[in-house]
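What follows is one chain in structure tokens, specifically the form predicted alone.
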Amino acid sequence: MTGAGRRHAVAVILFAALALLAAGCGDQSTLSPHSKASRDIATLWWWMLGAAGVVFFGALFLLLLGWTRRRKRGLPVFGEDEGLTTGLVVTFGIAVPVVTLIALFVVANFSVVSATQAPKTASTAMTIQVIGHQWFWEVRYPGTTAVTANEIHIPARTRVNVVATTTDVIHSLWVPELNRKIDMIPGHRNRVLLYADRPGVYRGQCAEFCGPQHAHMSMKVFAQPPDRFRAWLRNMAAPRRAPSSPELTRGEQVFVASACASCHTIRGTSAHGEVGPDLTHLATRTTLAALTIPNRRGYLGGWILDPQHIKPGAKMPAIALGGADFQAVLDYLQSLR
């Protein structure tokens, strides 16, 4: 290989290594556990990595040994001892892999599965329902009228039973820092336990390809102190606050009279659409379009005027509003807290 070729190969290897490191960065890591279930999964992963590392580096060692002794017969030190050679093959080629695989199988399929399997309803303090759509998450709290989207709120240090369903294609609910993934299959109800050791924000993702915007179907789980969670839930269960000014009243009237009301619900108004997310308390959310953009005025305006530019393939069409009506609707939506 020429000097230029070697430099090119080194550059490719360094680029690949940096790409792998960058892929591991962020706030959605299985190796940053915040519950017993996720810690068991992370521990299993480390043991599997260790076992794979032993095999990998053992193979590299044997390749290196074979290359350095390619003109010599027998093993270093031991020479041509056929019995020893056979014993090494049996030990490291059969016995060690069999024992290792059986141990990992037992741990993964009995210990870890028992810790991450669907919880018994009696063992959980509350149940929530998560419904997958193309491409957003609808979140309901049975026993209340609370509905939100793309942001799951739970009390910290509380066992929460999540019942997952879908209205269209197969999705997969996964919050790596809290538990394993579960599939959401049409006509089937699946369950998983969500538990957070401490208050925090944990990112989740659809883990099953579900269409063009699969990569932009994310969520956040907010684990809150119990008193703050209860206050949040009371607010979510209430209908929208009545407009407090003529400008906001006009914004609500424009919203209800436009195509917006055909797809969205705002409880306390005549808007009862079920295609898109419930917007009753839209202003309390931190993001729009399933974490695609932040929930700020400029982004909200862009989402209303041209959603296909932000999220191609989304079911939301562009809404044609005059300048004054557009500003009134923006003011109104930002008041929905």
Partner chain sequence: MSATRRKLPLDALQWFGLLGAPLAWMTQFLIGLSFQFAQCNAAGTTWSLPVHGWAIAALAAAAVIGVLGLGAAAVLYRTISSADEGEIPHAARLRFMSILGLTISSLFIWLILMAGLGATFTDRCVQS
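Between two forms, the rigid core is defined as the largest C-alpha subset superposing within 1.5 Å. Residue numbers count along the first chain shown, from 1. Since we're looking at a predicted model, the values are computed, not measured.
In what follows, reference is made to the form predicted in complex with its partner chain, a form of this protein that is not presented.
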item: Non-hydrogen atom within 4.5 angstroms of its partner chain in the model of the complex for each of 98, 102 and 118; value: yes
item: Any non-hydrogen atom of residue 94 within 4.5 angstroms of its partner chain in the model of the complex; value: yes
item: Exercise: residue 182 in contact with its partner chain in the model of the complex, heavy atom 4.5 Å; value: yes
item: Any non-hydrogen atom of residue 190 within 4.5 angstroms of its partner chain in the model of the complex; value: yes
item: Candidate stretches 262-270, 238-246, 152-160, 103-111, one within 4.5 Å of its partner chain in the model of the complex by heavy atom; value: 103-111
item: Flag for residue 143, CA shift 2 Å or larger between the shown form and the other one after aligning core; value: no
item: Threshold 2 Å Cα movement between the shown form and the other one for residue 93, core superposed; value: yes
